[in-house]
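Only one chain is shown below, in structure tokens, and it's the form predicted alone.
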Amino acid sequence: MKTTSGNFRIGIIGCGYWGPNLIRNFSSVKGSQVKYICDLDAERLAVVHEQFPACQPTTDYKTLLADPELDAVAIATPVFAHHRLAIDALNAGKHVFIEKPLASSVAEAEEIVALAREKGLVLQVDHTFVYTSAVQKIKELVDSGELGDLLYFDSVRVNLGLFQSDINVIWDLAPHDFSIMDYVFAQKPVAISAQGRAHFGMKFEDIAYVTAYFDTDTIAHFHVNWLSPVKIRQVLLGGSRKMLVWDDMDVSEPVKVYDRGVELGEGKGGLYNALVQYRLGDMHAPRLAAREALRLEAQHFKECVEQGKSPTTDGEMGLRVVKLLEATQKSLENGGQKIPIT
């Protein structure tokens, strides 16, 4: 269902940490208006309303759903509320932009995706990193074949805090790298395993190591940690021709492509005495466009609603990420057992 109301009108549900970023970016998109801001915490709502006085504040999200002029809602609440809010919004005929992860279970995510499809409404999951210049460039390099066949995806996302009260470190940090891998890799993992620990008497794991397996020799590894003394945001991507490093903390040259690898030559004794040769070529850092990913994402959502298109980070991607999360959680609870991805 396309919008025909002229200006694109959206309401933001949830004014905590991420909500104000959504308000600011949707407000900056040409032809877009943030009509409502909503939060159960009246004091927090008042603070945000001072920052964005043009928005109408309310503590009842059903006020947004009852407005026939409102085209869409953006949901920026804790994940346990995603399912109820998304289902209510879709049933009210509103397009939905929703924070990651899409839902707290595969069953909930499947219901949201199915309802959006049934209603003909746009469902976009806020996997923001997919819209960054760095990830777009990495996708371009992979698709062009410059890296060759993909051998591994290795990510580290660690820092000191912030401890969450409702989810563990996997559900908090891993969705970022799961979505990046899903976007960059044409092939999808078939199984996953995980190990993690909770410290200081806390209920949820604050450090975890996750491994994803494919039908091929490709492998992926994810390290997420709330207890690191330093902040690291890094992805290594190994190909049969070239290798790539994305350091999100490097503001000058975040993406570096290395013409390095391994080549096998046959020794005198045949294959069993193969000679390993290392190729040590040049490194280059491709130029990246300076742009705010969240603003591009907000613009993309508006365009998808107006043109009836499917978003890059649509409900299907959101569902695949939740499948990875749920399988990871199951492995964590079963001592690192390898869990199939169905």
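Treat the numbers as computed from the prediction; the structure is a model and nothing was measured. Start at 1 with the first residue shown and count on from there.
From this point on, the text means the form predicted together with a further copy of the same chain, which you will not see here.
Checking A293, M283, V48, L40 against a further copy of the same chain in the predicted complex, a heavy atom within 4.5 Å turns up for just one residue: M283. Scanning E146, D248, E110, E253 against a further copy of the same chain in the predicted complex with a 4.5 Å heavy atom cut-off leaves one residue, E253. Partner contacts here mean any heavy atom within 4.5 Å of a further copy of the same chain in the predicted complex, and among 89-97, 111-119, 177-185, 255-263 they occur only in 255-263. For the candidate spot formed by L162, S165 and I219, every residue has a non-hydrogen atom within 4.5 angstroms of a further copy of the same chain in the predicted complex. None of the heavy atoms of R233 is located within 4.5 Å of a further copy of the same chain in the predicted complex.
Not displayed here, a further copy of the same chain is kept clear of P340 by more than 4.5 Å at the level of heavy atoms in the predicted complex. a further copy of the same chain in the predicted complex is not approached by R84, whose heavy atoms all lie more than 4.5 angstroms from it. Looking at P189, you'd find every heavy atom of it more than 4.5 angstroms from a further copy of the same chain in the predicted complex.
Residues of 180-201 that come within 4.5 Å of a further copy of the same chain in the predicted complex, judged by any heavy atom, are S193, Q195, G196, R197, A198, H199, F200, G201 in sequence order.
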